[in-house]
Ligand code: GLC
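Only one chain is shown below, in structure tokens, and it's the form predicted alone.
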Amino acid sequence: MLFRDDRFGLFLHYGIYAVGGWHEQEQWRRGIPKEEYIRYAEKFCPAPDCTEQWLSLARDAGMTYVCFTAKHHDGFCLWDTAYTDYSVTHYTGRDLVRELSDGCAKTGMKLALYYSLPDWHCPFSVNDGRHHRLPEPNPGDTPDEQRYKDYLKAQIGELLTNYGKIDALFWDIPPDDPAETDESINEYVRSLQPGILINDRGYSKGDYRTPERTVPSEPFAGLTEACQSVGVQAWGYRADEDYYSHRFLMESVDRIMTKGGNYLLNVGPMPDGSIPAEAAESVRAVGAWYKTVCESYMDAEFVYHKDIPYGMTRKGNCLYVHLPAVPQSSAVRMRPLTVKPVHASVLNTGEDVRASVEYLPTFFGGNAAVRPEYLRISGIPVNRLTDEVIILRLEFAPSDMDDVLRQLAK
């Protein structure tokens, strides 16, 4: 189940905007007229095995679910919908949601679907210059908020009825006017898929938060799924993308997961559905690291102490020390802990490191008669692991773990 067994997922921003290769919001950000933008649909050419490629990449990276943009802001639909011809089925005869849902069912991958509230194509959608809406309606549009909601519900009905189990619904761009809140839409969603999780970007409050491209500093009060793209400029395919470093992405994953959050790492497939080589390399690099350290996140609880400048998680008799920033030295000092673990190792590689409880010069407080001893973990191979986030695994005797938790609680 998401947020328990499934913590790491692949976000897929795919649509006809890939043809432009600039940005998934190109129609809006460049002011392209509707009649010109829709020509991208004629050049949209998903390869027969593209969904298999996506799922293979996700599995290789240790991911257990995917979130797919069934409809982004441009209104182009990637499933066989009866409510518009502006769809992948109309232009190519394909149903990508079907192909992806079938692939997920075959491989045991969980599936979440993304659906944008703004729509730059549907004639009923209200485009009035507000948040992620076109500056004005397209020629010939007949904006009507209720008719658009009816259209939206009809399409959601298709997505949540015809494609098997959908584990989560990712709405995007909530209304900026509280008067537009509508609890009935999420109620309708749950009536079609009992047990589905709904995010916080719809017409009413959902089940989980979705911070985007940020790592909140405060502890998570509830279910949280952060999302970040491998590229700086766009979520959809961009031909000249600026890619984040692998280490930056690892740091982001660690800071979110240490607090108990899920993580969606995004790629934007090219017009033929293939994933750019550099984007795939990013996912594989982060995934290779994640598979070595995921033990420290799964079923682990967030632990905090104001004087310990490292992230910490705990599971059973193990305390995991997370070093998302590049370590300053080959040792960490765990004041106020005075308990020595029975075993200390680098989770990334499995190699042992030294653990001691001792009086160090840095613990001197100005009184030579007071010689406090605290836990020190040393011999960390920081210069060999500069390209990844290091996580230490400290295993304590069962009888000592209670003392560790008491000291951390002070």
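Owing to the predicted nature of the structure, the values given are computational and were not obtained by experimental measurement. Each residue number is its position in the shown sequence, starting from 1.
Form predicted together with alpha-D-glucopyranose (GLC): not shown, discussed below.
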| property | result |
| --- | --- |
| Contact segment among 72 to 80, 160 to 168, 90 to 98, 288 to 296, judged by heavy atoms lying within 4.5 Å of alpha-D-glucopyranose (GLC) in the predicted bound form | 72 to 80 |
| Contact assignment for alpha-D-glucopyranose (GLC) in the predicted bound form, among 256, 279, 227, 134, heavy atom within 4.5 Å | 227 |
| Heavy atom within 4.5 Å of alpha-D-glucopyranose (GLC) in the predicted bound form - residue from 251, 172, 207, 182 | 172 |
| Partner proximity in the predicted bound form: residue 240 to alpha-D-glucopyranose (GLC), non-hydrogen atom cutoff 4.5 Å | no |
| Exercise: residue 388 in contact with alpha-D-glucopyranose (GLC) in the predicted bound form, heavy atom 4.5 Å | no |
| 4.5 angstroms heavy atom contact with alpha-D-glucopyranose (GLC) in the predicted bound form for residue 212 | yes |
| 4.5 angstroms heavy atom contact with alpha-D-glucopyranose (GLC) in the predicted bound form for residue 305 | no |
| Three-residue site 114, 201 and 235 fully in contact with alpha-D-glucopyranose (GLC) in the predicted bound form at 4.5 Å by heavy atom | yes |
| Partner contacts in the predicted bound form for 1 to 38 (non-hydrogen atom within 4.5 angstroms of alpha-D-glucopyranose (GLC)) | 11, 13, 24, 25 |
